[in-house]
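Only one chain is given next, in structure tokens, and it is the form predicted alone.
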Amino acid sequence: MFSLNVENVQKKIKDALILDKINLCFSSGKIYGLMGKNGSGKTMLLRILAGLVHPTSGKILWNGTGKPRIGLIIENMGLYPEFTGFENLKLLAGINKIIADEAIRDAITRVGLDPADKRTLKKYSLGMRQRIIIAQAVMEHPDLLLLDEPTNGLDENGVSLMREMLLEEAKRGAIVVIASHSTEDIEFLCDEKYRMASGCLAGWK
């Protein structure tokens, strides 16, 4: 078991307060939901949890062995449209070098795609691209899975597969944090639910 604690985190950009005194505790094996409108602070909080952005004040504390492996879905994911889905994931896997090709193929299969598909990403539908983005997030069996609008572009079958996969990831022991506009996703998946507005956090009800 491990945990991630967010202690009095604030984020300011110039004079704008983006996050205001956020306090949360995330535990392994659970799914957490963040709901809020655009500009509420959800994506910024995910970026801070991922280590992509530093808070202006406050702390992010990881209680676990070593540095956590992070799986991430966030806006403007940098995939290459001229490469196949497998080629894109293989390039990303080459950064950490902790999984073999078979694990990449397994991740692509889990999201309902064919790892041997020779089409390049620019020929994928929006839903297929979203499935590949989900596959890259889970392929290295992360300790912490941070997902910004994971159902964007997915059809009904894709949403069902994604939900099943996230439940499996939590059962495996990952911390899963979802930011979404979809009340249905949050209600269906999450053990703990929070609303965000103007950089502040509140309970679900």
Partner chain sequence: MFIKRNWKKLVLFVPIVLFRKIDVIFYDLKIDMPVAELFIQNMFSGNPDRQQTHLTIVMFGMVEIVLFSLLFGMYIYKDLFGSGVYIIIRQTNRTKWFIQRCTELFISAVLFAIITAGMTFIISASCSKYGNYYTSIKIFLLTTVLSALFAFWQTLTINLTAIRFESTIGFIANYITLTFLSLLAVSHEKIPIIKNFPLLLRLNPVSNVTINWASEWGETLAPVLYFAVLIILTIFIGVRKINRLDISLQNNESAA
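Numbering follows the first chain given and starts at 1. Since we're looking at a predicted model, the values are computed, not measured.
Keep in mind that the form predicted together with its partner chain is missing from the display, and what follows is about it.
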property: Contact flag, Lys37 vs its partner chain in the model of the complex, heavy atom cut 4.5 Å; result: no
property: Ala103 within 4.5 Å of its partner chain in the model of the complex, heavy atoms; result: no
property: Contact flag, Ile95 vs its partner chain in the model of the complex, heavy atom cut 4.5 Å; result: yes
property: 4.5 Å heavy atom contact, Thr151 and its partner chain in the model of the complex; result: no
property: Contact test, all of Ile70, Tyr80 and Ile133, partner its partner chain in the model of the complex, heavy atom 4.5 Å; result: yes
property: Segment assignment from 23-31, 45-53, 157-165, 58-66: heavy atom within 4.5 Å of its partner chain in the model of the complex; result: 45-53
property: Neighbours of its partner chain in the model of the complex among 9-46 [non-hydrogen atom within 4.5 angstroms]; result: Lys11, Ile13, Met44
